[in-house]
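So this one's two forms of a single chain, laid out as structure tokens and tagged structure 1 and structure 2.
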Structure 1
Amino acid sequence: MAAQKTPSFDPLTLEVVDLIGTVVARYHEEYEEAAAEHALTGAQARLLSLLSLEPLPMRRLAQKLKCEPSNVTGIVDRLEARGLAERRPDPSDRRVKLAAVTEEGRAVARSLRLSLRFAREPLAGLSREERMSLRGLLSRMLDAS
């Protein structure tokens, strides 16, 4: 039986992986700080941001957040108690409940997005072509995985 060979990575690849990890860590750190400024947990803020795009069934929210549906139920309960989200029947299947953002929740989600300086300011320093190139490269990385 042949021994499996561990793939070796060149120094450039390792440096890029480290940089991506640093970017992700800084983004999450700033996201948690922005959420706290609105008296939200990071999970509540992420769910609110998702709902600001469209109402979603609880099961789909759990998939997007990579957690159990029962966790989503608790998060939605807390957002609902603050008037930031609501439950409504799905027009295509009234047995299914959709979580949806309220107007106040939409305003909080917008404020959260605007407060994420780390994600926005360095990108503003890149030209449109550089941002488009970065978007393309990141999309290719995600498509390959």
Structure 2
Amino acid sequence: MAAQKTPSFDPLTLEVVDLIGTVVARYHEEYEEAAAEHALTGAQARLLSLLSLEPLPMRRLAQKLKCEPSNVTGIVDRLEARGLAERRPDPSDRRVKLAAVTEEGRAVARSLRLSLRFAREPLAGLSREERMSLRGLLSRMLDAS
């Protein structure tokens, strides 16, 4: 609520916006690369990562991935065909199918997560104090929007 005087177009703000754009591009490249190393598409990697936390109804997956439920069918189909995921019935509602990772899927998800963390090593260049500072700034930035 402090300095809010149309700061969108001043040079400093534009510079920061550009930097964020670069971070976003870099992040995505690395994510796609990491996924490709496991012969996964971006969408498959994202879905697998979600499932590695907990089994989810197809509908919930669509919400999390911000896509239509009909798309989730295909993505889970492909993961299932590779033995990385499976569908289970939901005892409490027979309409629902729970998607879940298999043992192998969990291993791939873990490997994916590790290679991502490694890829994001750039943070290593910042000291502990700087990372704390960055955490604060990003938090406030996200809260404000």
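Counting starts at 1 with the first residue of structure 1 and goes up one by one along its sequence. No experiment lies behind these values; they were computed from the predicted model shown. By rigid core we mean the largest C-alpha set that fits within 1.5 Å across both forms.
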Subject >> Matching structure (the form predicted on its own), either 1 or 2 >> reply: 1
**OP:** Classify Asp90 as shifted (yes) or not shifted (no) between structure 1 and structure 2, where shifted means its C-alpha moves by 2 Å or more with the rigid core superposed.
**Re:** yes
Subject >> Core-aligned CA shift between structure 1 and structure 2 for Glu129 (Å) >> reply: 4.4
Original post:
Core overlaid, Ser139 C-alpha shift between structure 1 and structure 2, how many Å?
Top reply: 3.4
